[in-house]
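Before any questions on how it binds or moves, here is one chain, the form predicted alone, in structure tokens.
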Amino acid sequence: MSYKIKSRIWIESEDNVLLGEGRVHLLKAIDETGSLSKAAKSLNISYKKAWQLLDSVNKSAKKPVTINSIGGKGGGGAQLTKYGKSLIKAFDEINKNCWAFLDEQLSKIEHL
């Protein structure tokens, strides 16, 4: 019989979520598309939901995570800041290390 440990991590700041898997997916989509609207569409979430998630990340972060330009005839856009890209990298590394740790811990159950 094989077992799996299931877990999700997120990082909070004063009871506000800074980063979690969903927010990181959104930031990566913004980085790929250069647009909050396009990122939302690619993730099948509403623009309003994407805007709320991005706003909460920016309010919880120490520095701005994105640089936004207002839409119009030529369209707006969104770009990740260097800090935003660093947050994604750090979160991905934390998440990877968390899974490696949990896989190690699972051996305590498998050997009983």
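This one's a predicted model, so the numbers in the text were calculated from it and none came from an experiment. All residue numbers refer to positions in the sequence shown, first residue = 1.
Just so it is clear, the following notes concern the form predicted in complex with another copy of the chain, a form of the same protein that is not shown.
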### Non-hydrogen atom contact T81 with another copy of the chain in the predicted complex at 4.5 angstroms
no
### Query
Contact between K62 and another copy of the chain in the predicted complex at 4.5 Å, heavy atoms?
yes
### Message
I'd like to know whether I11 contacts another copy of the chain in the predicted complex, with contact meaning heavy atoms within 4.5 angstroms.
### Response
yes
### Task
Using a 4.5 Å heavy atom cut-off, state whether L87 contacts another copy of the chain in the predicted complex.
yes
